[in-house]
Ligand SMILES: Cc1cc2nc3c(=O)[nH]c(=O)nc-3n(C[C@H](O)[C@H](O)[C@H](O)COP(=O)(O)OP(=O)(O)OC[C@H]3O[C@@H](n4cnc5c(N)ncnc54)[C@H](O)[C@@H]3O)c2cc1C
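First, one chain by itself in structure tokens, the form predicted on its own.
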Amino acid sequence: MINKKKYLYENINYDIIIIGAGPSGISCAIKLKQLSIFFNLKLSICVIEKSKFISSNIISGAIFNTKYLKELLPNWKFKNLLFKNKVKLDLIYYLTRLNYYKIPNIIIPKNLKNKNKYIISLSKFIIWLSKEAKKLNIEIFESIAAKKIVYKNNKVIYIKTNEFNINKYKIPNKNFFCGIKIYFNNLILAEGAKGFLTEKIILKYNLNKNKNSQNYSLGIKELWKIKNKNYNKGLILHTFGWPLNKKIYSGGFLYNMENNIISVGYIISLSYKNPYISPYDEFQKFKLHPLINKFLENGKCISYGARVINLGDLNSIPKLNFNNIIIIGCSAGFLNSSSLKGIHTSIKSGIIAAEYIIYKKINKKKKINNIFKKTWLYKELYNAKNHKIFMIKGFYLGILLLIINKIFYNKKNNLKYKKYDYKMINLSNFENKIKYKKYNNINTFSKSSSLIFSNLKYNDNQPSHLKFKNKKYLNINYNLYNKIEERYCPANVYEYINKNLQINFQNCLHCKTCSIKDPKQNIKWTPCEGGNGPNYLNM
């Protein structure tokens, strides 16, 4: 164990600390700096990012509507060369096992139409955005994982970051560094869906009181380099139907990016009931469909990743601030699930937080919720507020309920929903086993093979960031849910050897599925050493 008296933390101070360098975190930092310059305020701002490089852990579709970017950077058109790949053809298909049927454009809801939006790499976008932040003298610390929040008189006063160079027995190695204590006036949490510190803050201050449950999907994605004959720049496909049945909210996508690269992925709600479902294997199955397979033919997989996504629900968003803490982006659940979009909503949430802090600095007393309710973001999420609750019930029933809700209630009703994803799973005895095909190593791969494309980096001798809370639950999962851990994880982290469950933490993609779907909530996820984990390229 570490002798804490022997080592001294380095202490630093900032006015504002933002944890997470995704769209919401970087946008918040930029808007804070812009407003502080406008009002002649001196603010020191620091963004902390646990990944090795800015964007190393970023993964998204992604389709982006640039009209919202001008709120953050009015002159972005003269600065950015990323937005070159405009959506030219936007198609939605219903899939059966062997066939596909194009949905007529006339019946597709407006919020699902993407023509003239842009197909982007969110990784590249975040790299560009961080460069704009640095031009404003915003400091960004990479490879720094925030581990612990320290309180005084019910107020957060500083955070501790992770140690470096410590072995699995918690004995310091030669170049051991015990971390940093970072003091601040305001803390902004922008960790993404199921954020580690965000969850602790919400629990401690009961910020989700009288709120709907947060529910999640798991998104699994690959990048492929494909042949010229299969490539159609500007074409995007969305699918529903096969391979999962009508009772499960799920769907696929395929985006033609630049330079013969396609992004192909599958999203499945973690509210599924059958413990034999493997989201990873459903994605592999999806790639075999004739509609998708024809794009992949003679191509090559070059990147693989997975991450949970908020299902989005206005009534699931927790109280956004408490004392000197603010929650933004996917940490709070700012995602419009009815349009399958979250980048623009995250950016706007960061802008709202910045405006709230500056209003306080110039002695204008405004509540953050009041600022939020006057924005287009609130209106957009209000119009989609019951979408999650209906769609979790299954695709067809969900569509029917949405139509009834729109006709008879005009979206005015606030439905309550308190069913967490882990409570939805049935015992294995009550569900049918699912037998998945063997991988062909052409366009379907084992989990171990896919992880090669995730550029994982871990020090094998470091402490595991995944632990079991109570070992007695392991027998329950083994006997009642038939080794469910092996199936819900898309990275082969959990492996039964005989009847003993082993954690291969070196395989972890930081997707957070285990902390959401485990039936007994028996997985304790903590940040690993900064800079460790997946290092995605252009995801």
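Model, not experiment: these values are computed from the prediction. The numbering used is simple: start at 1 and walk along the sequence shown.
Although it is not shown, the form predicted together with this ligand is what the next lines describe.
**Q** Taking the partner as it appears in the model of the complex, which of 163 to 171, 271 to 279, 355 to 363, 141 to 149 has residues with heavy atoms within 4.5 Å of this ligand?
**A** Looking at the other structure, the answer is 141 to 149.
**Q** Identify, from the list 122, 291, 201, 402, the residue with a heavy atom within 4.5 Å of this ligand in the model of the complex.
**A** Contact with this ligand in the model of the complex is made by 122 alone.
**Q** Taking this ligand as it sits in the model of the complex, is residue 519 near enough to touch it, meaning that at least one heavy atom pair lies within 4.5 angstroms?
**A** Although this ligand is absent here, residue 519 would stay clear of it in the model of the complex, with no heavy atoms inside 4.5 Å.
**Q** So, residue 477 and this ligand: in the model of the complex, are they within 4.5 Å at any heavy atom pair?
**A** Taking the distances in the model of the complex, the answer for residue 477 is no, it never comes within 4.5 Å of this ligand.
**Q** Taking heavy atoms only, is residue 343 within 4.5 angstroms of this ligand in the model of the complex?
**A** Close contact exists here: in the model of the complex, residue 343 approaches this ligand to within 4.5 Å, heavy atoms only.
**Q** In the model of the complex, is there a heavy atom of this ligand that lies within 4.5 Å of any heavy atom of residue 188, even though the partner is absent here?
**A** Residue 188 lies outside the contact set for this ligand.
**Q** Under the 4.5 Å heavy atom criterion, name the residues of 20 to 50 that approach this ligand in the model of the complex, in sequence order.
**A** If the 4.5 Å heavy-atom criterion is applied to this ligand in the model of the complex, 20 to 50 yields 20, 21, 22, 23, 24, 25, 48, 49, 50.
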